[in-house]
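One chain follows as structure tokens, the form predicted alone.
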């Protein structure tokens, strides 16, 4: 059983962050739903391409089980892992009484503790990489490669740095409201398992590509979402802002708080 504790109890800091940076009320959720639809399309394309009828899913860091419910209909078997004990207990509660609970296996473990012998067609890794200590990142990605079938599909969402280099940020509540502050990599690594402060590793376009390539996987595409500045003349609620921000490589690198990465597991040579 994992000793990890997610530092943002009940996602209170995330909610305060959204309230602070969301350019229009309702945009954050709508942008998130658009990414979920893109994930669904990628899953269906993958299944059709390889003529897979019985697909095996891993939700690597399932939180309270939200994405399991979104995608369960496409999979005959699902393993959902969550290292935080409290969030894991909430996942068990949320899934145990559903119509699909019999095909879901829940485990309170870290990604690194998964068995290499168990292989998956599709892996979801939603808002996980940004909270992993930097020295563990390569190990996590190597584990994901090891358990993903050849040509398997890895779907990642994580924080995006609009600068040329990665950023490390901590979010915390003060008497004057929610604050975000740039920190060093060393401070980020110390704060990863500390309650009350939300540390995040924001990856640049180039660094996330290199990390995944170095792990032996191929980045199929990267799209940015949760655009919080730079396109104020557009109304984000009509989602044109999403298309504009992903129109060119330069726009992708300079816009968006989050990124959606579609990865294919290349066959070993």
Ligand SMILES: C[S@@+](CC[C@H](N)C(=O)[O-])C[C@H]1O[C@@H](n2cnc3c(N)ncnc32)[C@H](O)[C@@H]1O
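Numbering follows the first chain given and starts at 1. None of the values given here were measured: they were computed from a predicted structure.
Absent from the display: the form predicted in complex with the named molecule. The rest refers to it.
- Between the named molecule and the residues 110, 183, 106, 147, the one pair within 4.5 Å by heavy atoms in the predicted complex involves 110.
- Listed residues 72, 189, 142, 126 were compared with the named molecule in the predicted complex; 126 is the one with a heavy atom within 4.5 Å.
- Residue heavy atoms within 4.5 Å of the named molecule in the predicted complex occur in exactly one stretch of 238-246, 58-66, 40-48, 202-210, and that stretch is 58-66.
- In the predicted complex, the named molecule stays beyond 4.5 Å of every heavy atom belonging to residue 170.
- Mapping the unseen interface onto this chain, residue 132 counts among the residues with a heavy atom inside 4.5 Å of the named molecule in the predicted complex.
- In the predicted complex, at least one heavy atom of residue 84 sits within 4.5 Å of a heavy atom of the named molecule.
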